[in-house]
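Only one chain is shown below, in structure tokens, and it's the form predicted on its own.
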Amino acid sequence: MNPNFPKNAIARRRFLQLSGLSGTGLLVSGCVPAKFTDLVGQKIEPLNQSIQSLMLSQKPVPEFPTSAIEPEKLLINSFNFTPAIDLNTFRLIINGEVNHPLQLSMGEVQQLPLTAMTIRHVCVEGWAAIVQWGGVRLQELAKLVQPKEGVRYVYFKSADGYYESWDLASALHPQTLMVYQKNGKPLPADNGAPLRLAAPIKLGYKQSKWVTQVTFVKDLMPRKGYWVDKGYEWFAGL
């Protein structure tokens, strides 16, 4: 989450037993430029073998039934500042060490397969909430931009100045989403609309809100993450 104002670090939690992914994939209707439609539909060059193997080897964390959703428990931790984002001009920039850098409007993002998952969001402060998130897998975005050989990390830049970095394996996990829905409804601005990160494998402060840029890189830069640079754990896995 962006940010979660960590106070007391909690112990890293082990993964639950693995099971099948309950999220569903479908195309959301809408009018988008032909160039983007062609890009999604055409056979672009395959991902390099190491990234393909990584994507195929990822296994999902068990999810919850929608009846377990706890809407009142998802707290909003922020700087008391929600950036104003014009959806008419908003573009998700995906760049860095990639073969096909892109700038996607929200209409174009929503043309990609929609995945919904009901997972537990865990904050480093000690609270947790079961939430249903809906959006596009980061894997799908990676397939479009084609990361180059040697890419190991992914940086996320947010409209409020927040920044975060993930290892490539976590970013390409099948349950790492770029989210635009919460509990079956459009994502509220306070929760990070138009786009935020969500995943059951990372603590909340890694799950950036208001994401505007995704950058694939080979090496970590000196600035690794807003809270990480203040002394918190970089990996922050569950």
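In case it trips you up, residue 1 is the first one in the sequence shown, and so on. Here the structure is a predicted model, which means the values were calculated and not measured.
As for the form predicted together with a small molecule, it is not shown, yet the points below apply to it.
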- Though the small molecule is not shown, can you say which of 158, 105, 139, 118 has a heavy atom within 4.5 Å of it in the predicted complex? 158
- Message: Counting any non-hydrogen atom inside 4.5 Å, which residue from 130, 123, 92, 114 sits next to the small molecule in the predicted complex?
- Response: 123
- Closest heavy atom of residue 207 to the small molecule in the predicted complex, within 4.5 Å or not? yes
- Item | 4.5 Å heavy atom contact, residue 166 and the small molecule in the predicted complex | no
- Query: residue 110: heavy atom within 4.5 Å of the small molecule in the predicted complex?
  - Reply: no
- Query: Any of the heavy atoms of residue 74 lying within 4.5 Å of the small molecule in the predicted complex?
  - Reply: yes
- Message: To test your reading of this chain, name the stretch in 48-56, 64-72, 185-193, 170-178 whose heavy atoms come within 4.5 Å of the small molecule in the predicted complex.
- Response: 185-193
